[in-house]
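One chain comes next, on its own, written out as structure tokens in the form predicted alone.
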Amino acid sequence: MTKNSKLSLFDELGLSESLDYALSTCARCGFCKPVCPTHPFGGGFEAFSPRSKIYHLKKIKDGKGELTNDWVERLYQCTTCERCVEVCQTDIPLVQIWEAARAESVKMGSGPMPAHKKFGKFVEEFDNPYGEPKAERDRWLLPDIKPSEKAEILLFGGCTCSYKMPPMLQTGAKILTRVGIPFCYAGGKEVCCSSPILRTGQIESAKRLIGSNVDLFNEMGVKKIVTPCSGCSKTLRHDYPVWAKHLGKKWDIKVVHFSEIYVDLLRQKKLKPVRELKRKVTYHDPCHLGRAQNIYDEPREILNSIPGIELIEMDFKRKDSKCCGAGGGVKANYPDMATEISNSRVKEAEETGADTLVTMCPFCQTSFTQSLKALNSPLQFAGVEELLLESLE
């Protein structure tokens, strides 16, 4: 990007005011620096801190700096965990700004990173970032799970749960079936929610995916969407209303994460955990579920409803929860960095004296199961929904 270039995509993304606000109000206080999970990997250099990113964007907008390749890589070494947002004293939407700056880098040809380009190619061919066959998107369906042809609730599978972690989807479908709540499912017509593409700045591909899904939802008459994936629910809940308006499409759909469905059913006494599970568990708050959607109480309420479960909290929990290292495309392109971040969180979980680490995010689950094995940790791993279903049976 030349020195006279403007950050034009901030206008298209509706973030120009947010950028102006950030550039004019960032106090350089540095509160964001110690909470950033990737800053320590910059060798202690200030250039890797969130406040430095804001400072550099100001220089670019003032025509005194450039979006160099080195600086672009620093943009991508961010898990989008939102801890910097949580501690920001002036309420700057930092992660939105990082993602928009990534989109600028893609526009100028210096982004995304190699692993993210691979995601983009797979999405263009297969409508998912894994390169899995479109026709097999519904392979998670069990014989006894029978979606309705038409229902107000749509079960959105997402790519990771559909192709890589079917038990999360199967549990949700089983519980909906158990309590007699009809749900529809789009199967192979569903495409990626766009999260891995959107987060890595590949805006044009993201527009296509979002537009396709929004049209599909409207054609199906969907009133509510439920998904077990925290990345999908964050994207559907926060990004889809904005992009639907941007694309000139109707959006009048409520989005919920399965944890909210489970809690609602527990409160109505439609779900009654009866089997005692003698476990000491510690819960990890996923970034996309906790800070991004303010879902902290629901997973804990589920755990506390299960007979025999003892919940032991980690020191860093709820809004202060540490990242697993998987978000923002970091695990894909910087696997060693992601592994160190994940290992650190597992060690914190071990210090609680719990015997099981639990969470409600497929990306966290992948990170932690790998770390538990690599560290030869005494901890077991389980999904919150997995324990709930076990107690119901």
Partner chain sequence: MNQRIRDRLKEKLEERVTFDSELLEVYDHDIGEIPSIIMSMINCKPEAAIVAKSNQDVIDTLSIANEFGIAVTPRGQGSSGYGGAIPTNGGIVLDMACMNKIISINKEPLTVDVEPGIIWNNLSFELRKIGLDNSICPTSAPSSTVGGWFPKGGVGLGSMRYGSVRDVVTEIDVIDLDCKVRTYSGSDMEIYHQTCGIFGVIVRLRLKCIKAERIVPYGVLLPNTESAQSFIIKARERLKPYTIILHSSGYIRMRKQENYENGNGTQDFHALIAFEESNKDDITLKSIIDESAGKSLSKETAMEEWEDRFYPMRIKKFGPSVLVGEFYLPEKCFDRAWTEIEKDLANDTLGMEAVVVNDNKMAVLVYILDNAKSMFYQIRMAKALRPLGIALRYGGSFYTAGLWLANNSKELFGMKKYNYIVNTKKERDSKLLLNPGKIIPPKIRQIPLLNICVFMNLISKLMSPIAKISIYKNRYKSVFNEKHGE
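Note that the structure is predicted; figures quoted are calculated from it, not measured. Numbering follows the first chain given and starts at 1.
Here the subject shifts to the form predicted together with the partner chain, a form of this protein not shown in this document.
Using a 4.5 Å cutoff between non-hydrogen atoms, Asp239 does not count as a contact of the partner chain in the predicted complex. At least one heavy atom of Arg291 is located within 4.5 Å of the partner chain in the predicted complex. Contact check for Lys174: no non-hydrogen atom falls within 4.5 Å of the partner chain in the predicted complex. Using a 4.5 angstroms limit between non-hydrogen atoms, Asp355 is distant from the partner chain in the predicted complex. Residues Leu303, Phe368 and Pro378 are none of them found to lie within 4.5 Å of the partner chain in the predicted complex, as judged by heavy atom distances. Per the 4.5 Å heavy atom criterion, the partner chain in the predicted complex is contacted by stretch 312-320, the sole one of 116-124, 312-320, 265-273, 149-157.
Checked against the partner chain in the predicted complex, the residues Lys164, Arg74, Arg279, Lys207 give one hit for a heavy atom within 4.5 Å, which is Arg74.
Between the partner chain and the residues Glu260, Asp91, Asp215, Glu136, the one pair within 4.5 Å by heavy atoms in the predicted complex involves Asp91.
Contacts of stretch 150-171 with the partner chain in the predicted complex, defined by any heavy atom lying within 4.5 Å, are made by none of its residues.
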